[in-house]
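Take a look at this single chain, the form predicted on its own, given in structure tokens.
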Amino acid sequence: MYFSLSKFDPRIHPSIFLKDPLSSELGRKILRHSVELIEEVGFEDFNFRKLGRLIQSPEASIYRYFDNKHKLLLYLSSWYWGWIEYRLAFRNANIVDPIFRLENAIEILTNPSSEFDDTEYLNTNKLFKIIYSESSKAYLIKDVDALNKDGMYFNYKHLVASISNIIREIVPDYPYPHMLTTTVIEGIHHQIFFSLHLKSLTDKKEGEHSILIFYKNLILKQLNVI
């Protein structure tokens, strides 16, 4: 575990930023308002010029923290994955049964807003909307290998490894724990997005926890524990 349960530290890889935005009021303002703006206009239409106008600060001041908007998205994604792992470790701290811990992981991934408390610098509900609609743009890019080599996907990979380890506790010889974990994580995001925008691609029903039920059943049946 790379954080203390008493205090959340996102541990963002330093290659992602030029100056840690958590180190200053301006940096925290950049994070807070970038989430607001990306959630409002989408990542494609988001840029530092618009963000600078929103925070009433020169565009150049934002470039002191991030090389470009992709690095900012990497930062927000890394913060989110670190926060998910923190919440998962916090909830599972006193739970011995790995099946219960795995079910908790799926619940948190499906509905993190029930776990989140807004911070002073991030609206976590809006950040979750960015994650399920935009976060794949952080790695579905041509230079993903170079970014991965620089450690920029560490938090996501660490979370996947943590959940994969729970799967191995349940079925030690299960051969595909990482594939199963990423299938569930990315599938949850797709189904949430589909339920809002492409309803014929999902079976989610209003007022039901369809996505949670589906992925709990999927992963536990795959592991032959139900």
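Since the structure is predicted, the reported quantities are computational estimates derived from the model, not experimental observations. A residue's number is simply how far along the shown sequence it sits, counting from 1.
Just so you know, the form predicted together with a further copy of the same chain exists too; it's not on screen, but the next bit is about it.
Comparing 177 to 185, 60 to 68, 47 to 55, 27 to 35 against a further copy of the same chain in the predicted bound form, the single stretch with non-hydrogen atoms within 4.5 angstroms of it is 177 to 185. The closest non-hydrogen atom of N217 lies within 4.5 Å of a further copy of the same chain in the predicted bound form.
I166 falls outside the set of residues with a heavy atom inside 4.5 Å of a further copy of the same chain in the predicted bound form.
Using a 4.5 Å cutoff between non-hydrogen atoms, D20 does not count as a contact of a further copy of the same chain in the predicted bound form. Proximity of I211 to a further copy of the same chain in the predicted bound form: non-hydrogen atoms within 4.5 Å are present. Within 4.5 Å of a further copy of the same chain in the predicted bound form, a heavy atom is found for not a single one of H13, E85 and A89.
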